[in-house]
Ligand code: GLP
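In structure tokens, the next block holds one chain alone, the form predicted on its own.
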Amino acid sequence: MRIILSKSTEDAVDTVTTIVLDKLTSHPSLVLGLATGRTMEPVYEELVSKINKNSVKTDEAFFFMLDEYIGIDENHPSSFKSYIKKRLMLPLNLLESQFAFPPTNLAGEVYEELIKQIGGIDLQLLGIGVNGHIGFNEPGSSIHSRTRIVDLTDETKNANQSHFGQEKMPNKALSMGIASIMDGKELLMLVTGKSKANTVKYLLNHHDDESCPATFLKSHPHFTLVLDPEAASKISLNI
């Protein structure tokens, strides 16, 4: 596990986008796993800017989405497909055929097989929930879990309700499992903000703890954790 303590949130975002850009530059057919959420918004904004500025080829790259809500249309403004179309696909003129979206109308095994057929995910981007979830793998998720339908906790629903306004948000989602994520060749997690400080502290002081699914990632041979000062505010530098 590699930990990168950044000087600012902007610096943390720059670190993540630089890593992705370097991978795309050296490996144009990169298979990139994409996360969503507020933490990732500045990442995609800066990544688009850097790709355009440096004329980086993206036409051979392929992208897998980490999860998707069940019970809303794929074109719903709060779907993760809409999220990534707005922030990455359209700004970079990427083709929809370069993306794989969790098939909420099918079994998770279909998504697993697609990932297997393409040769696996080279680099998986990740955020983390306040309760330690990754993707929609809520506390209690097994390290052996695969892409499946999951029930969202009240904590997660409350955190995401603002995206739906007065509309009731879904209770379920289809998410890559812990084992599915761990199959990625490299994992890159960005954590920012004071609200995640206790989560980061717990993550770094516990191992293989189902109550905080992110702790499973620490056993991955190529897991990089990028923190801004607020997210790192409750840990010491000599971890």
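Remember, it's a predicted structure, so these values are computed and weren't measured experimentally. Numbering starts at 1 and runs along the sequence shown.
Just so it is clear, the following notes concern the form predicted in complex with the named molecule, a form of the same protein that is not shown.
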| query | finding |
| --- | --- |
| The named molecule contact in the model of the complex: residue 145, any heavy atom under 4.5 Å | no |
| Proximity of residue 37 to the named molecule in the model of the complex, heavy atoms at 4.5 Å | yes |
| Any non-hydrogen atom of residue 127 within 4.5 angstroms of the named molecule in the model of the complex | yes |
| Close approach of residue 141 to the named molecule in the model of the complex, 4.5 Å, heavy atom | no |
| Non-hydrogen atom within 4.5 Å of the named molecule in the model of the complex for each of 67, 80 and 160 | yes |
| Contact stretch among 131 to 139, 70 to 78, 110 to 118, 95 to 103 - heavy atom within 4.5 Å of the named molecule in the model of the complex | 131 to 139 |
